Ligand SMILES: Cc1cc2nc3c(=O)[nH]c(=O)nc-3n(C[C@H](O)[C@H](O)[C@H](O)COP(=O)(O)OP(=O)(O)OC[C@H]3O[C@@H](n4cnc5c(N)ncnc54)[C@H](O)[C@@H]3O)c2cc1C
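The chain below stands alone, shown as structure tokens; this is the form predicted on its own.
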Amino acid sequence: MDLLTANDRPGEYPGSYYAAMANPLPPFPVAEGNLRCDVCVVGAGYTGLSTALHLAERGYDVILLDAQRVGFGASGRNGGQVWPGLRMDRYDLERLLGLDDARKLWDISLQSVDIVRDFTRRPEMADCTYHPGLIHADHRARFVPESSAYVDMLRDDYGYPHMRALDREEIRHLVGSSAYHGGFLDTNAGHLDPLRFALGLARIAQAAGVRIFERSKVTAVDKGDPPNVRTDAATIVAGHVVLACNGYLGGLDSQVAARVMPINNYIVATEPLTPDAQAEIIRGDYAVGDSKFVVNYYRFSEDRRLLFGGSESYGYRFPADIRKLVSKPMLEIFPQLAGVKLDYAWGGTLAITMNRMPHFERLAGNILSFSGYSGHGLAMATLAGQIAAETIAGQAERFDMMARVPTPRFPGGPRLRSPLLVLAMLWYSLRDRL
């Protein structure tokens, strides 16, 4: 079974709120015959689109391939949250890499937010607004002092003035739920419509001269000199290859697959709420992500629908009733939404690593891979494209910094890693409840 078709029809976007509201691009052609280019990029999500357009702006001849449509995967289905930082927190990074490298990674993460914000200001993204403000909500009282200390550390040691701690009274004023005890607000972070952002990147890439092909699934990458990329209908000979497949890598490269695992996550969209009902859920135009290991995340759309994401599954198939699955955590946090209609429900496949850090790897001298964003992909995957372009152009400082972070292999090999992950997630889910 293939993740690309297990839950979706070939060549069609999922039945998500984002797809229903998008201004889609006309389909791009299927790659056929013998083609040549300077760089072949596999996967037209944020990483692939950003890589292609940054390379084209540097004068490279670029072919971008996608097995489905541009922005079809997690790039067009996620929660739309743009966080700085990485899934491994500052303290753990400092212990793992030392203070200097931890600060370099923090700076890279800030650049990832900047690049997203800057793209939304371009005319090709006129329909994609960046909304500043993200709330981290602590679901346990014992986490609140840690959040407050984290805010102080980022301000005092990292020079980051955009966060402020929230006590119990403040967070319950901003988020209409008794589930939270405190947290922090980051006014530099933000949120946007993820599919509109991906389609905007595609418009910029196309205008820059990128040759984009859809419905062109890559079946093999031969690591020759030069490498070539094969689909069912085409062979592309390229000077460099960039794998930007993330959760949809499949068996294309076993070296990456041993360290990067696909998992599924789910979102629902309510019917439009009244302004007063919206204010009872989130006061202010903020997005929220909580402190649970299996994170609940939510925000309002511009037409006042609550977009609520949560719950995970492992394997190929999405559950038969996504509405029922996601409504359970949604109603635990917001019981006042009982009876509100859920107009849309959809799932998507992302990729995680053992330590929740992105996996950047040079598979051969001229083949690069970028994946494993572990839920922080909107900003970092977009920046990864810029990093890929500068690496191919001979400026690999940021790539080398990211690649130095060790990415452990999942234990047990391909047959055992999914069952082991399920057991681990069940444990963390139980810990969240207790």
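Each residue number is its position in the shown sequence, starting from 1. As the structure is a prediction and not an experimental result, all values here were calculated from the model.
Another form exists, predicted in complex with the ligand; not displayed. Remarks below refer to it.
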Residues in which of 272 to 280, 105 to 113, 356 to 364, 247 to 255 have heavy atoms within 4.5 Å of the ligand in the model of the complex? 247 to 255
Non-hydrogen atom within 4.5 Å of the ligand in the model of the complex for each of 212, 391 and 399: no
If you check in the model of the complex, is residue 54 within 4.5 Å of the ligand, heavy atoms only? no
Is residue 77 close to the ligand in the model of the complex, meaning a heavy atom pair under 4.5 Å apart or at it? yes
Should residue 348 be classed as touching the ligand in the model of the complex when contacts are defined as heavy atoms within 4.5 Å? yes
Look up in the model of the complex whether residue 217 has a non-hydrogen atom within 4.5 angstroms of the ligand, and give yes or no. yes
The one residue among 381, 368, 31, 39 placing a heavy atom within 4.5 Å of the ligand in the model of the complex is 381
Just one of 286, 344, 266, 143 has a heavy atom within 4.5 angstroms of the ligand in the model of the complex, so which one? 266
Can you name the residues of 355 to 377 that have a heavy atom within 4.5 Å of the ligand in the model of the complex? 373, 375, 376, 377
